[in-house]
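First comes one chain, alone, set out as structure tokens in the form predicted alone.
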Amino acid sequence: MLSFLRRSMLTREPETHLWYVVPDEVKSAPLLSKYMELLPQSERDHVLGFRGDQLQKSALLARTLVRTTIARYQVDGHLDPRSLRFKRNIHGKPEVEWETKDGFCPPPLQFNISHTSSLVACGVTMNSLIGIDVEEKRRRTKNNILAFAKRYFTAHEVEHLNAIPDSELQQQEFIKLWTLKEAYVKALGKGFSSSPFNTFTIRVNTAAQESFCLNQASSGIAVETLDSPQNLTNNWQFALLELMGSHYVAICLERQETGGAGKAFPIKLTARKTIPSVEDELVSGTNAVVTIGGSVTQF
């Protein structure tokens, strides 16, 4: 069992924790072997089914991060990450399969995972559905951006992308938008096939005017479903972050409370970089985590 796993807590107030691992910083072969021991055989086989050491490592760290993160939040603080069992809903979203014997009441913990070859992230909250997505800022598409967007995005989103004359800025806005849409679909728990990207629009508003460019922390982000275009869905709130200057992270949460005039309270976010069983580093409030969209308060 891992020797170091600091307990963490979520309060009853709306609060979100973001944990992430940088695969390039996990270089110890014995440590990776310990991580593999946390997994049941089916998950080990899944990890080893990826081609290439880099993809296998990323998959291993994703499963390790989920198990060790959930274990941190148990009341008694003694849950062995190896004991966790998972199931998937009808759309494939993973959930913890809690044992309910002896009057045990499963905790209202919600989580979601996302990873690239260069970053693995897990979002955790209480009593609120959550979806997160991570993308590299340098990500490139094989096809022309606008041609690709026309296949998957709504007309409104394509129109705003088309209005950006600089190709690099257009590329960055495309990635931000894709990340937000992924997070929303994952929060719904339905998956891309059940909630195609062209069935809803991500709208961004600044204090001055509606603007597509996500570069202001004051930008409000809302989702509009095409089956009811007159209604901006108020059930969800978003955060868009720049992580380590190299990645975009989008978080979508089911909104629990509202402030005055029906406005949602800012997302209360705590972010930590971790190497499970080795070290945790609080990074929220530093230059490592920059809010570029949505209403977020970092702790």
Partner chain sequence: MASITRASVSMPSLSTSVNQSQRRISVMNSVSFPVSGRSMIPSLRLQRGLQVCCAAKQETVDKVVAIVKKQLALPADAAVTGESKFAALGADSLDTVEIVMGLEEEFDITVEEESAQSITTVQEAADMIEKLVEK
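Since we're looking at a predicted model, the values are computed, not measured. Numbering follows the first chain given and starts at 1.
One more form of this protein, predicted together with the partner chain, exists but is not displayed; see below.
Checking T100, S83, N143, N89 for any heavy atom within 4.5 Å of the partner chain in the predicted bound form turns up a single hit: N143.
Within 4.5 Å of the partner chain in the predicted bound form, a heavy atom is found for none of R203, W236 and F238. Proximity of F50 to the partner chain in the predicted bound form falls within the 4.5 Å heavy atom cutoff. In the predicted bound form, none of the heavy atoms of A155 sits within 4.5 Å of a heavy atom of the partner chain. The partner chain is not drawn, but in the predicted bound form it has a heavy atom within 4.5 Å of E182. Proximity of Q170 to the partner chain in the predicted bound form: non-hydrogen atoms within 4.5 Å are absent; the residue sits far from the partner. Annotated contact segment (heavy atom within 4.5 Å of the partner chain in the predicted bound form): 145-153, selected among 159-167, 145-153, 120-128, 89-97.
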